[in-house]
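As structure tokens, one chain now follows by itself in the form predicted alone.
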Amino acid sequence: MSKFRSLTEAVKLARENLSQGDWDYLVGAADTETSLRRNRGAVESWAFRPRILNDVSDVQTATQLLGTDMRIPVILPPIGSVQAFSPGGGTAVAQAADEFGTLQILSSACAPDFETVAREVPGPRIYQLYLTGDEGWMDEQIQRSIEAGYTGFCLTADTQVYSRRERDILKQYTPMSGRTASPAGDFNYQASMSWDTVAHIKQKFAIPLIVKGVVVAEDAKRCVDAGVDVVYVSNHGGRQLDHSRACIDSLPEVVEAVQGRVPVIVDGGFMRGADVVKGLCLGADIVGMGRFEGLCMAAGGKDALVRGLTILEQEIRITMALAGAATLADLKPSLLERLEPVGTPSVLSSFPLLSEID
């Protein structure tokens, strides 16, 4: 399963391997799924303005985040219930990230637990925590993550309450993330998270802090002023607030507000190498690819994720070369212009040949 030749084949394998419930959890979103389609449509609406006669014989894609070397500017975002796609769960993703050479953000809503993953796959990693306890509980979790060797800590700020995901509701499917973030349970701690929470973490702990779910300039500036170390542009893959703006449309104003003071990550609809290059052109330092991660895991676990990242790297290098960019620093907004999307955007519209392969 890890020998597929294209990302399209990986998606086909993922669909064959998953039950209907797990598949819908992976590709679905909140309510009408407008935010999901808007994410993808916005990425597709940017077209390249390639430059010629630049020496691109040695395209460089390596970068760093929080002191960790990365082979490509792509991070593996936190996915709750990733173990639904492959039995190895968070450990398998950690192994893939280590083998390929990139960073993982491990979700607290997946298995195995964060200390087990750190013990089984030592190395730099970011821990994303959903607040299901009070401040004392949160402090204990952060301290334990530091002691386990995590090199960054992530708060997801756009999950004040758990959204309605009709695909899951209609099939009575409840993922681990839904069970631990039930509106009827103790998820009120996540809803009560505030700027005071950020200030408390920065005052008490030395671990770098990432705030995920930033989509407007005002919040981006406030993050930087509060000492946040990485600003993460995300609308949770369209899985939280329905009818939200596409992440790639939020990116330029966040980049302008941050003014290069801290790194900016963006996710939301990025599925192919060309998509990554578009995000970098518009000012992101790193691109997150959550559904890509889930699809590759479903296609064949750790080995399939490494294979998918390798193909993605090829796509990034080829896109950069054909756009006339030899380095990440060469990727500028001037390489893009906005045009109408060619087709109807959907969660898998970046794989138009799916129906044509056996």
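Just so we're clear, the structure is a prediction, and the values are computed from it rather than from any experiment. In this text, residue numbers run from 1 along the sequence as written.
What comes next is about the form predicted together with a small molecule, which is not displayed.
Would you kindly say which of T91, S163, S107, S86 lies with a heavy atom within 4.5 Å of the small molecule in the predicted bound form?
Exactly one residue meets the criterion: S107.
Just give me the single entry in G80, G152, G273, P73 that has a non-hydrogen atom within 4.5 angstroms of the small molecule in the predicted bound form.
The residue from G80, G152, G273, P73 that makes the contact is G80.
Pick from 94-102, 217-225, 235-243, 254-262: which stretch has a heavy atom within 4.5 Å of the small molecule in the predicted bound form?
Residues of 235-243 come within 4.5 Å of the partner.
Decide whether L26 counts as a contact residue for the small molecule in the predicted bound form under a heavy atom distance cut-off of 4.5 Å.
Contact with the small molecule, yes.
Any of the heavy atoms of D267 lying within 4.5 Å of the small molecule in the predicted bound form?
Yes, D267 sits close enough to the small molecule in the predicted bound form that at least one of its heavy atoms falls within 4.5 Å.
Classify M289 as contacting or not contacting the small molecule in the predicted bound form by the rule of any non-hydrogen atom within 4.5 angstroms, answering yes or no.
Looking in the predicted bound form, residue contacts with the small molecule include M289, since a heavy atom lies within 4.5 Å.
Does K212 reach the small molecule in the predicted bound form, with heavy atoms at most 4.5 Å apart?
Flag for K212 set to yes.
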